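Presented below, as structure tokens, is a lone chain in the form predicted alone.
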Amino acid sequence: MDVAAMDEPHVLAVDDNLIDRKIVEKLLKNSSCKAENGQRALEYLGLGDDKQNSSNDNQARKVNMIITDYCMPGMTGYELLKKIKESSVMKDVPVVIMSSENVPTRINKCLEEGAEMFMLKPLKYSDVKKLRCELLCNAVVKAS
């Protein structure tokens, strides 16, 4: 794997709140894509109901982490996590759940379903540094 490519995280930020999406984008600097809800995220990843979008296939392959809000209209971050983990193509992509609510049962449920980590909002720069490390460590493991 190209080391330069590992330095550039390609993160799908999923949040119904524009401000929270912008915060993730600013903190990561190179957040490559955004979606305002779970259904849009699935469409972007080529996992939506109309799977005929083959151009999304290349986009989805570039995504090497998904950061999603837990509470969103239409589909929760937990439901999005389950759909991603059920996908043969996307199941190995790390999913990070964010929430402004510190609910231990919710956190445990997400981690048990396969979330890489659960972070409380508002995100801090130290959270993003941890995410970058996680992303780069995963890329190095997959490359070897």
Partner chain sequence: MEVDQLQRNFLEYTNLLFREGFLDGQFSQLQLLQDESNPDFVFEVVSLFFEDSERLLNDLTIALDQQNVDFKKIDAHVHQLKGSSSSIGAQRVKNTCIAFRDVCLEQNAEGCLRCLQQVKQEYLLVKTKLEALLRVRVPHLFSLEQQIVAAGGAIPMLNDFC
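Residue numbers count along the first chain shown, from 1. Here the structure is a predicted model, which is why all the values come from computation and not from measurement.
Beyond what is shown, the protein has a form predicted in complex with the partner chain; the following relates to that form.
*Asks:* So if I measure heavy atom distances to the partner chain in the predicted complex, which of the stretches 40-48, 77-85, 111-119, 98-106 falls within 4.5 Å?
*Replies:* The contacting stretch here is 98-106.
*Asks:* Taking I19, L27 and C71 as the candidate spot, are all three within 4.5 angstroms of the partner chain in the predicted complex by heavy atoms?
*Replies:* So, yes: the whole triplet contacts the partner chain.
*Asks:* With the partner left out here, check for me: in the predicted complex, does some heavy atom of K124 sit within 4.5 Å of the partner chain?
*Replies:* Heavy-atom contact with the partner chain at 4.5 Å: present for K124.
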